[in-house]
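Next up is one chain by itself, shown in structure tokens, the form predicted on its own.
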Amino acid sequence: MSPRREQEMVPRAEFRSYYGRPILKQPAWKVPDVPGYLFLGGLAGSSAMLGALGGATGRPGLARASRLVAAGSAVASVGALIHDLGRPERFLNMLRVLKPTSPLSVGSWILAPFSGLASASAASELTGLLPRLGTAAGAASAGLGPAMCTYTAVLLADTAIPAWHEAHRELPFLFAGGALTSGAGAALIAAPAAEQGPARRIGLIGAGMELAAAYRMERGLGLVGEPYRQGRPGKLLRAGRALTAVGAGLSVLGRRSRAVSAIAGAAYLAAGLCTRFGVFEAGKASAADPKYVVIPQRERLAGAAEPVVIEQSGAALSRP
């Protein structure tokens, strides 16, 4: 007769810190300033690229609408950042020195020239003055567009917040895909129906990229991926995925209907907002719970403590 297995009586571990304080300091960034800043920057970058594409392919309506959206979103993004910082001079102080090792410094130096170039392009579009310079400014802002779409993801991943730091491979793809769908959404609302072809295709590419990155973040990060699935962050991210799918489907079905295209565009934009707010809230949740800090650290230490065998001249050498 085989011996009975002992029933496990050890209660589930609870992770606490001294005096009940979190191990990590909660992000001090304001809501909705910072999530809005994340969303608006991506929208501005992708819209600048769509504006340049519209101008290069003989679609003046798409070019005009996208350039205006790029400028308005960039200015609003700067405003959200300044409001979070508290005083305008703090943003100006970040431009005094360029530190290549600081994502915040590099991001400031991306945002500032992009905003100026996008605004110059939009001003030329509205007034009709200096069209060549306006086109050149639009092309230059489009060159900075990919960086605008992704640098905020690097900014989050460079922190110690577990849900952001452990997702450093996936966040740039998630934000890039969301930026493409947001820019496409704005174009589906504002551009003439006959010129929306590039926006539809870019929106579908962005939707595929965003959904794939979101799945990998939620399922491939192990324990640290929990905040992306649970609570308020989980609800926001599920809503973002659903709206992205709706926007992609309607953008295909609504090729001949301006109203359906506008609904698809609104779904894309709402999805971008839900995703940025969901990612931000997931980071806060992971910083508040010590287990997302303690367990991954213990797992890494346990992996580093395993003996390593090195073959050298036929002899096996081990080290702890």
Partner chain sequence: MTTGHTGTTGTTWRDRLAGPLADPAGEAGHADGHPPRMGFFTDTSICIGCKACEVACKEWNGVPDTGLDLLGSSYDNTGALGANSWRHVAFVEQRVPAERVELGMPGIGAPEQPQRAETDDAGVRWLMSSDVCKHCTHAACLDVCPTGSLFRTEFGTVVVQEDICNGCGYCVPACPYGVIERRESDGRAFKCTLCYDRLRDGLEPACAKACPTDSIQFGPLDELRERAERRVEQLHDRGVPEARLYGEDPDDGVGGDGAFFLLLDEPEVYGLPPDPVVTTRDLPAMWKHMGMAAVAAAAGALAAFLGGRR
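Numbering follows the first chain given and starts at 1. Quantities reported herein were computed from a predicted structural model and do not represent experimental measurements.
There is another form of the same protein, the form predicted in complex with the partner chain; it is not shown, and what comes next is about it.
For the partner chain in the predicted complex, the listed stretch (237-245, 223-231, 92-100, 71-79) containing residues with heavy atoms inside 4.5 Å is 92-100. In terms of contact with the partner chain in the predicted complex, the residue from 267, 273, 49, 285 that brings a heavy atom within 4.5 Å is 49. Using a 4.5 angstroms limit between non-hydrogen atoms, residue 36 is distant from the partner chain in the predicted complex.
The shortest heavy atom separation between residue 40 and the partner chain in the predicted complex exceeds 4.5 Å.
Under a 4.5 angstroms non-hydrogen atom cutoff, the partner chain in the predicted complex has residue 27 among its neighbouring residues. Mapping the unseen interface onto this chain, residue 161 counts among the residues with a heavy atom inside 4.5 Å of the partner chain in the predicted complex. Here the marked residues 61, 214 and 291 all miss the partner chain in the predicted complex; none has a heavy atom within 4.5 angstroms. For the partner-free chain shown, 151, 154, 155, 157, 158, 159, 160, 161, 165, 168, 169, 172, 173, 176, 180 of 151-182 come within 4.5 angstroms of the partner chain in the predicted complex, judged by any non-hydrogen atom.
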